[in-house]
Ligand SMILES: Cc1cc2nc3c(=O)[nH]c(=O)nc-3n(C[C@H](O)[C@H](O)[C@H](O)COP(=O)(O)O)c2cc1C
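Okay, so here's just one chain, in structure tokens, the form predicted alone.
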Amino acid sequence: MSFLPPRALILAPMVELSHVALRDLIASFGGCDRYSTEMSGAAAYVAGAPWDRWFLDTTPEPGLTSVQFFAPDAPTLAQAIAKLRRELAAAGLPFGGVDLNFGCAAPQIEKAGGGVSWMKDPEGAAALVATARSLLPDEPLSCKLRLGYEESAPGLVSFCRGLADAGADWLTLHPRLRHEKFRRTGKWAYVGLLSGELDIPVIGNGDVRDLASFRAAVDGQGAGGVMIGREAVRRPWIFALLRGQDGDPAFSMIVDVLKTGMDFLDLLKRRLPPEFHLSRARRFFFYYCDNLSFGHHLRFAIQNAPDLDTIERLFLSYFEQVPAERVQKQA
């Protein structure tokens, strides 16, 4: 069963960013092929962590949204999936699938036995996928990973073949090593390698910001699609733009940058609890301000703002001073 269209466009799971307000905003521009939630800990969710109802909110497109879990062991993951199925059924929502995190390199996640630490245990990682597959007979199951702790093409192919054989429907590769950040371009040849070696789609993640990088991934490396993270925060219309340009490279969009930012703040207030407002607004505008000529000044002010009302005033004030930047052509 194929859950992905050709040349798929997918929103990445990002802590404090891939929440329902951002997904709502992206959907207002036409959406993408699949969405991801923020990463959630399976153990915390099973234990009843107070904020997980927000982390695991799959609206506005529950049937197209994968819940991303990191898990320390198969029994805990099984409990989390069973609980999620019960809660979605009780809410009358479809189960959009699960994405297993084998790539997070945050020290606390790695220390807890989740994320990239699984890449030291190929058999255990495959067993985790097999457990999830047994509980998700009809729903999408995917895995997101990095290159691991060291560059090894045979090791990477072997690890990924184990996940595919255990039942993963597709894999997403962020082609950087555990310790590598975003300053250097990812090693995209590994996306091409896996695409040629595996019988399931391989999605490339990282560095996709425009039509050229999108086509380099899907046409140049044979990726089944791309997963976009920070660029989808910087430009929530990026999926609509790429979709249009992939059909016609001359395609462009007119975007009201002021309205989009205000729409985000409105969605934040309506869709997330007050305890999340300040942190999520700061994270969003850290990237969104890149659309503005003097965005570095606004970004600094927003990062130091004490509350959401102040952020809103700062944002509106910018366009009072620079009104010409409100409406922009995106090409």
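One rule holds for the numbers: they count along the sequence shown, beginning at 1. No experiment lies behind these values; they were computed from the predicted model shown.
Below, we refer to the form predicted in complex with this ligand, which is not included among the displayed structures.
Quick one: in the predicted complex, does every one of V20, R53 and R280 get a heavy atom within 4.5 Å of this ligand? No, the whole trio is out of contact, none within 4.5 Å by any heavy atom.
Could you check which residue among A71, M227, A132, V191 gets a heavy atom within 4.5 Å of this ligand in the predicted complex? Going through each option in turn, the one that passes is M227.
Just one of Q221, S117, T76, N205 has a heavy atom within 4.5 Å of this ligand in the predicted complex. Which one? None of the other options qualify; the answer is N205.
Taking this ligand as it sits in the predicted complex, is M39 in contact with it (heavy atom to heavy atom, 4.5 Å or less)? M39: contacts this ligand in the predicted complex.
Taking the shortest heavy atom distance, is L9 within 4.5 Å of this ligand in the predicted complex? No, L9 is distant from the partner.
Should S195 be counted as a contact of this ligand in the predicted complex, where contact means heavy atoms within 4.5 Å? Because no heavy atom of S195 falls inside 4.5 Å of this ligand in the predicted complex, the answer is no.
Is it the case that L314, even though its partner is missing from this view, gets within 4.5 Å of this ligand in the predicted complex, heavy atoms only? Because no heavy atom of L314 falls inside 4.5 Å of this ligand in the predicted complex, the answer is no.
Tell me, please, which stretch of 58 to 66, 263 to 271, 280 to 288, 26 to 34 lies within 4.5 angstroms of this ligand in the predicted complex when heavy atoms are compared? Looking at the partner contacts, the answer comes out as 280 to 288.
Taking this ligand as it sits in the predicted complex, which residues of 9 to 26 have a non-hydrogen atom within 4.5 Å of it? Please list them. Contacting residues: A12, P13, M14, V15, L17.
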